[in-house]
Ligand SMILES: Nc1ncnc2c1ncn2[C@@H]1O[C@H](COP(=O)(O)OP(=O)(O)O)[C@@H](O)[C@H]1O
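Okay, so here's just one chain, in structure tokens, the form predicted on its own.
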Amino acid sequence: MIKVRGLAKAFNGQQVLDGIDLDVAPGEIVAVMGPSGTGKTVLLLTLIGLMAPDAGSVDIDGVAVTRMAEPGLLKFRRNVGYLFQDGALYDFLTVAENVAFPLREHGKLTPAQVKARVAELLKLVDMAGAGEKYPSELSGGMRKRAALARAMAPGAKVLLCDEPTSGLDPVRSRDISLLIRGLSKQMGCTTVITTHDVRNAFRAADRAVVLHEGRVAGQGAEDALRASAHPFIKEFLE
């Protein structure tokens, strides 16, 4: 589903990504882990075509993202859900209107169908009674849930989540991680999560990839990574 080869990106002479290779199978959930500044968000933005790499290629579901012009990218992104780190909800819209926004912009649903889809999604993220609230009235965890519902709204084949537990307490972090995993499996999404939250990365993901100095230091299931002899991986996971 997702195939990344030799991905490189530098800013002002600083190499952020330095030859990243990554494969994500259809329906798989992969957590990309590493401390702040290791290029996790840059990787996600490159996957969706919002940032062009200096070298390398990205192919998603047969689409050559890094070789596609903007009109094609706009169409491609309709099949990709993106959960921003801060949720990025529109403050002037209610929760229900936020979730409905991509359906009205890109879909071909009737108003009644949009309303039904929004109600279905809000129920899935345990926010059935919060549709008329505004983002300013929500807790951090609820904003993440609303943003996740919006990301899933168009029926995305691919879900990209940037630091989904950032700013949340341990209980809410656990809940949002399990929710992402449950929804991804239920919807059949291929999901990539970036995070430095080790415990919740393994709760959500089938497999993790650890970045260090712009490269993949190691990857695998939790047991395999914890058994790694790589000094950085040992330090990071502990």
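Just so you know, these numbers come straight off a predicted model, no measurement behind them. One rule holds for the numbers: they count along the sequence shown, beginning at 1.
Another form exists, predicted in complex with the named molecule; not displayed. Remarks below refer to it.
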So in the predicted complex, are Gln14, Ser36 and Val42 all sitting within 4.5 Å of the named molecule, heavy atoms only?
yes
Report the residue, out of Ala55, Met187, Met51, Leu178, that has at least one non-hydrogen atom within 4.5 angstroms of the named molecule in the predicted complex.
Met51
Heavy atoms within 4.5 Å of the named molecule in the predicted complex: which stretch among 170-178, 59-67, 197-205, 28-36?
28-36
